[in-house]
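This document starts with one chain, in the form predicted alone, laid out as structure tokens.
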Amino acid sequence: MIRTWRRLRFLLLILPLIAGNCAAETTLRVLAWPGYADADIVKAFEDRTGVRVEVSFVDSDENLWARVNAPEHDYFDVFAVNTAELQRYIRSDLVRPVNADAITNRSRQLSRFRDLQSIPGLVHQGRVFAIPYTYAEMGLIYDRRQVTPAPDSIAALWDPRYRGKVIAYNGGTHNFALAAQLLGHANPFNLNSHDWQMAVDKLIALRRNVLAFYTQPQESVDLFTRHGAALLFANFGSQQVKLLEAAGADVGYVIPREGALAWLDCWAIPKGTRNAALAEAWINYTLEEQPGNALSTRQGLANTTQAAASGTEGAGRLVWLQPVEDAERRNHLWGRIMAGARTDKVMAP
């Protein structure tokens, strides 16, 4: 009876956007990160609603920004974005408010995710702009055979003992935050004018110590296993641990003493959506048990409807992502660093 009522409630939500509008847009375009919209999860939504779902994946915040900010022919109806990045989409008027009342499965979420006002950046002028979906911390993954004892600091990424044995993430905003943490800054998201040079020096040193940089979770696993790496900066956290263990790697996972950067990804609706009600139906669906379980069991990611599995020491030392002082400058300088420029060339106008 309860299941029947849930299905009826879902149909009542979805029917207005289909009835009387058969010739209108019947394709939902989803922009997400790997693992957020597996084929069987998508098919279940298609079977239930009778619409077609097209999923595109991104591998970096910069790629996500470019896709959402693209011309109209590359429009999307719903996309996944972390709370820090969300702020520039709101400032640039690229997203529209979400009808939180239509997301009835919010009642299944843990209390800290139901209280949208308590999550910085989700509510602006009384309007909700995103719904929490999944989260993870960026810890350190290490090969148990090569790294003993377990690393306890992000300084391990710079340790000359592991030169050519480190895999790191290719992203300017996060890597400048890492450098700021190493330099002892309490707020790694707000560099002052005199901080930039020191951060650049640290990142040039990191580039010289790193074997390879990655953007996607599976790419990091392939690099780690193929080259016998010792350390991995886990931008996707426990998701990468899960993938490495499935690949047969003997790895450990730690939260460094400086704290781990952590992200909370949410579903948001672009201003150019062709069907906001269908987008809200998708968001509502992803908060059901099956999509949530897929996130946890397949990807090793936490969902917002179930308590995260315990076992990661230092889980209280999480540094939740915030908007940075100048994302464009961070990414521009990081591009120069990756190109191999010297310190004076990186900082040149």
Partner chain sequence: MRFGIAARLALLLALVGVIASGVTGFYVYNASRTLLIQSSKSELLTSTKVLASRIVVAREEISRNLQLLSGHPDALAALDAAFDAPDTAAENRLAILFEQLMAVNPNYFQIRLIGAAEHGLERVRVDRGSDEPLRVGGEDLQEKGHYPYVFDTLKLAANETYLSRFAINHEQGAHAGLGRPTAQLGMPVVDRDGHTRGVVVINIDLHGVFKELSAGLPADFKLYLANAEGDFLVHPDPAQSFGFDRGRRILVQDEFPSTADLVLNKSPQVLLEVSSGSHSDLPVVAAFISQPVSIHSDESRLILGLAEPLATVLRQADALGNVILQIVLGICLACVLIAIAVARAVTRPINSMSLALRDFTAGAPMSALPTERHDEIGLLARSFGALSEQIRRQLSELQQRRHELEHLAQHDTLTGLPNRALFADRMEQALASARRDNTRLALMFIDLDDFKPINDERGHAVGDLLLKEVGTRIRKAIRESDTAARIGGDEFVVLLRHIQNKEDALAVAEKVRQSINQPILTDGPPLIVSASVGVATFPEGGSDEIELAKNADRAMYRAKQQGRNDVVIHQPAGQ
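Positions refer to the first chain, counted from 1. Note that the structure is a prediction, hence the values are computed from the model and not measured.
Missing here is the form predicted together with the partner chain; even so, the following discussion is about that form.
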property: Candidate stretches 133-141, 150-158, 233-241, 208-216, one within 4.5 Å of the partner chain in the predicted bound form by heavy atom; result: 208-216
property: Contact test, all of 43, 47 and 221, partner the partner chain in the predicted bound form, heavy atom 4.5 Å; result: no
property: One residue of 91, 127, 163, 257 in contact with the partner chain, assessed in the predicted bound form (non-hydrogen atom, 4.5 angstroms); result: 163
property: Proximity of residue 227 to the partner chain in the predicted bound form, heavy atoms at 4.5 Å; result: yes
property: Residue 341, heavy atom within 4.5 angstroms of the partner chain in the predicted bound form; result: yes
property: Interface membership of residue 332, the partner chain in the predicted bound form, 4.5 Å heavy atom rule; result: yes
